[in-house]
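In the form predicted on its own, a lone chain appears below as structure tokens.
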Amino acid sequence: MAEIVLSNVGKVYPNGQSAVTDLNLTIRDKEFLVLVGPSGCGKSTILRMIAGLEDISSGTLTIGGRVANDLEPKDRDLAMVFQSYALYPHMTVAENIGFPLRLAKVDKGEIDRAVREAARILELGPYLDRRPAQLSGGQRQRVAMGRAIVRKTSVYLLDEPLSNLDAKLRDQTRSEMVDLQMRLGVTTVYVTHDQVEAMTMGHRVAVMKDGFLQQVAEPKVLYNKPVNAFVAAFIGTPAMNFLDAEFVDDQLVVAGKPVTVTDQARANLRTHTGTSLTLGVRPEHLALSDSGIGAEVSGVEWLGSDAIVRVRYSDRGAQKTLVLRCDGETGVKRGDIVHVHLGRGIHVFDEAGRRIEDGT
């Protein structure tokens, strides 16, 4: 069992900078959990504290039921892959991948089998006899990943391991890593700033901002029930649209138009009458219609089956933009005058950015 529990964990550097604040997070045994957030949010610091590469300023870290605050990294039974390669330049690819097993005095035949399996997964077979200087950056990163794969540990810690791969190989390797993790059943913590990676790889995703955990949930829950405007904006491509709103005369009003909401949402919104609200709606939940918010098409990006349509509308004298995901066969073009209907899937956030529960 390799459950990881961080209880009230904090990290403050000697200069007083707080990197992580009062973090409470349980990473379940055999789970693939992704830590995601913008640069400087604390996600890599969390990974390094789990690895033992950063001291914990406050709180408790347990790994497999054992308090690990003061354990040396080598005693934590984990393997880590950094964004930097950290390869031995004088060793071949095969020797780099197999090095952890050599240290553990594993049988040479078993090392060879493990190295070749890792090389197959990572498409490194033709390069096993080369040295790191003869590889591209993406190939070196894959060698670093292979070195972790061959180790039979309780925990994998992965710090943006795919960032140096080209788009096609990144997609392929992402799928291979998920399959491998499921096959091995190893508790895995994966750090990335790429929310597409987070949503497609993680059993659950933990969203960080400024050292604080915002929400941890399954990808679908994050997408459909974000706890606040930050999570709503960070998750999803294209990003969620945000519109100024207010609740007056028992109606939610946006750009002078009433918006249909559930009875439960209306009941919750009554306590926010007269306050500044924000309505969030994802691009695929907007539709071109015969009625709704009047707007002018400012751009169309054709993506094959889909088209991303950008429109400008006027709200209280200010020009604002909405982004719609439409069918690829849409015939609208730049300069067209259209109407945008706010359909299903709307979210309302209060002045502090917290999502107002709508009862759905």
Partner chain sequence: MAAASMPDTMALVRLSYRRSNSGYKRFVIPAMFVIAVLTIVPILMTVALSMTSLSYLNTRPTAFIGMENYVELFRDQRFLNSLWQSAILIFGPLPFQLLFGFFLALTMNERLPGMGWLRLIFIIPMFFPPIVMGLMWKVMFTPQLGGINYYLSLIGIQGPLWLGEPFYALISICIAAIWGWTPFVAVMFYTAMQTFPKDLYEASRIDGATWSQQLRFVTLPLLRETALVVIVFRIMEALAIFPIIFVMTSGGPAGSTETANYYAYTAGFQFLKVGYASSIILTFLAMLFIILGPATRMLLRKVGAEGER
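Please read all numbers here as calculations on a predicted model, not as lab measurements. Numbering follows the first chain given and starts at 1.
Not pictured, yet referred to below: the form predicted together with the partner chain.
Note to self: Although the partner isn't part of this model, could you tell me whether Ala86 comes within 4.5 Å of the partner chain in the predicted complex, counting any heavy atom of the residue?
What the structure shows: So Ala86 counts as contacting the partner chain.
Check: So in the predicted complex, does Val332 come within 4.5 Å of the partner chain, heavy atom to heavy atom?
Finding: Answer no; every heavy atom of Val332 is more than 4.5 Å from the partner chain in the predicted complex.
Checklist line | Residue contact check: Leu322 to the partner chain in the predicted complex, 4.5 Å heavy atom | finding: No, no contact at 4.5 Å.
Notebook entry, point to check: Can any non-hydrogen atom of Arg48 be found within 4.5 angstroms of the partner chain in the predicted complex?
Noted result: Yes, Arg48 is a contact residue.
Notebook entry, point to check: Tell me which of 210-218, 249-257, 67-75, 286-294 has residues with heavy atoms within 4.5 angstroms of the partner chain in the predicted complex?
Noted result: Selected range: 67-75.
Note to self: Can you pick out, from Arg183, Arg102, Arg270, Lys168, the residue that has a heavy atom within 4.5 Å of the partner chain in the predicted complex?
What the structure shows: Among Arg183, Arg102, Arg270, Lys168, a heavy atom within 4.5 Å of the partner chain in the predicted complex occurs only for Arg102.
Check: Of the options Phe82, Tyr223, Phe230, Tyr127, which one has a non-hydrogen atom that comes within 4.5 Å of the partner chain in the predicted complex?
Finding: The option sitting close enough to the partner is Phe82.
Check: Quick one: which residues from 141-159 get a non-hydrogen atom within 4.5 Å of the partner chain in the predicted complex?
Finding: Heavy-atom contacts within 4.5 Å come from Arg147, Arg151.
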